[in-house]
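A single chain comes next, written as structure tokens; it is the form predicted alone.
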């Protein structure tokens, strides 16, 4: 059973400057709601009971956002606004679920995941990347369903333009399970166009085994001088662990670029 989720939030968000010079990208509003709340709601709907946020000291405003009880109480005392009361109750609910750990140096997703090691209780956990929103269908819920059937790791998959493979972790397929799921033969982090095994990309939803921490701990830095989670996943696959690629049914929105952020607000406003 998947009960815990981790969400790396320590990134600087440089692709969304100048907005992120003041506010973390995860708190930027998307159709009137902070982007990270869409990720939290996806977790809750998928049955997650605890969420671990990985932040940095520079992004402690995220922690404050979920801990601003005194501010809300003062406002509600003066003004019995139903909308504000509703928002406060929602934030309180989120607060009870969330733990915070710190990654103060940007060393990559692998290093970020390693910071959560002592908090992960079960054999598998969910990881979501906040730049990747998936609307109209709960991707995490579908992935947990296939995990419960196959008892192995699962990663969200999407076909991308071949010219953009160097932005993603790219899969090669081993065998088909059904029309939406397949076993993964290999995965390569940000390959160039010539060496890419396919154009099936890893999207920011992962169900990972707790034993991945052992691999990350021994892992050396790779592309960009960072510790990539994809390299540790690759080692587990080569050692015989099953990883499933899940072709999700929802609509993918990239919130990590300015153009994508604007499009995401427009798309979500239509729902």
Ligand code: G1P
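Numbering follows the first chain given and starts at 1. Every value quoted in this text rests on a predicted model; they were computed, and no experiment measured them.
Omitted from view is the form predicted together with the named molecule, to which the following refers.
Stretch 125-133 is the answer when you ask which of 73-81, 125-133, 87-95, 171-179 has residues with heavy atoms within 4.5 Å of the named molecule in the model of the complex.
In the model of the complex, no heavy atom of residue 219 sits within 4.5 Å of the named molecule. In the model of the complex, the named molecule stays beyond 4.5 Å of every heavy atom belonging to residue 232. Remark: residue 30 does not count among the residues lining the named molecule in the model of the complex, judged by a heavy atom distance of 4.5 Å or less. In the model of the complex, residue 190 approaches the named molecule with a heavy atom inside 4.5 Å. Interface residue among 46, 40, 203, 208 relative to the named molecule in the model of the complex, by the heavy atom within 4.5 Å criterion: 203. Shown without its partner, this chain lists 151, 167, 163, 137 as candidates; in the model of the complex, only 167 has a non-hydrogen atom within 4.5 angstroms of the named molecule.
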